[in-house]
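One chain comes next, on its own, written out as structure tokens in the form predicted on its own.
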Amino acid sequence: MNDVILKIRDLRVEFPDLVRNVQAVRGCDLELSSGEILGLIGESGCGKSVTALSCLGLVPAPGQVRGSIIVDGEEIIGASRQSLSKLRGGKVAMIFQNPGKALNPFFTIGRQMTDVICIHRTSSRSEARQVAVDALQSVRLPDPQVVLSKYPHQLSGGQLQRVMVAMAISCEPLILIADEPTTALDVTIQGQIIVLIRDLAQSRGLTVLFITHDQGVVASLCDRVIVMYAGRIVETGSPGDLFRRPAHPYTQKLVQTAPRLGRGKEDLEAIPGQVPDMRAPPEGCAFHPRCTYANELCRKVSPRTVTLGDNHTVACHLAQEHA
């Protein structure tokens, strides 16, 4: 896993507002190696999904994207429409959290899958249909020929999400981005989808960027984890590092908010305060208004990212003490 297949440098995404721009992502740097499963966690509004959309050139207008995103040696920011068309589905595929909205209700599953496959793999409809059948079998959907003949509304949420996974892998992408793919599913189906993605990643050598709120999913699925807060990466490391030895106060609070088995009846921890208004993010460390350890330096100076150990980094002035 030494070949870097996705490299993001100083990514900044802003959305113009009447008074001030909304700073959705503020200087994000990350790398994703071939065959790696990378987890991206953080509160709603921290910039996770916008970062993922930026990798596909899908940030909605009037969003402004700056920085550098290199996929397999190709710069994405500023790329032509033709280049982005080849990228989407061909090199990078994305699974969205609501498959019902991601699929067109007016066309059958077969029509939608074969259209995508014809764009990226073959011009033959019969060959594309066979590729679609094989993809549906690989995601463990019974009777794939029947599934291809159905419309989205005729399938359950779990079946639709499997269709989305099948559509994503059918074009053999280099990177699979899963944006909270289990959010709209019940717990039993969630587990099945997670196991499915893990098995497909292992059998096909997929590189996966997995966006989620679920710390249990991250611990069981991911090789490495990134924690985002207010548009910036505040900590990275292995699941063991982040969940056993969290160094950033925000990561510590996230870990404490998760319920744990065997603890009996106890009150869940909560992070005080609110997520900052990204039209006017706090000066210094963005987490300082909610941090119990914040000092004057935290309030005025944005912390640099420091390395604590192998692949364990943190952006905090008091990192050594917290670790």
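Since the structure is predicted, the reported quantities are computational estimates derived from the model, not experimental observations. When you see a residue number, it is the position in the sequence shown, counting from 1.
Just so you know, the form predicted together with a small molecule exists too; it's not on screen, but the next bit is about it.
Undergrad: Given that the partner is absent here, does Gly39 sit within 4.5 Å of the small molecule in the predicted bound form, heavy atoms only?
TA: Looking in the predicted bound form, residue contacts with the small molecule do not include Gly39, since no heavy atom lies within 4.5 Å.
Undergrad: Wondering, does Pro272 line up within 4.5 Å of the small molecule in the predicted bound form on heavy atoms?
TA: Contact with the small molecule, no.
Undergrad: With a 4.5 Å heavy atom cut-off, would you call Glu43 a contact of the small molecule in the predicted bound form?
TA: Looking in the predicted bound form, residue contacts with the small molecule include Glu43, since a heavy atom lies within 4.5 Å.
Undergrad: My question is simply whether Val306 lines the interface with the small molecule in the predicted bound form - judged by any non-hydrogen atom within 4.5 Å.
TA: Taking the distances in the predicted bound form, the answer for Val306 is no, it never comes within 4.5 Å of the small molecule.
Undergrad: Go through Leu30, Val65, Met278, Ile69 and name the one with a heavy atom inside 4.5 Å of the small molecule in the predicted bound form.
TA: Flagged contact: Met278.
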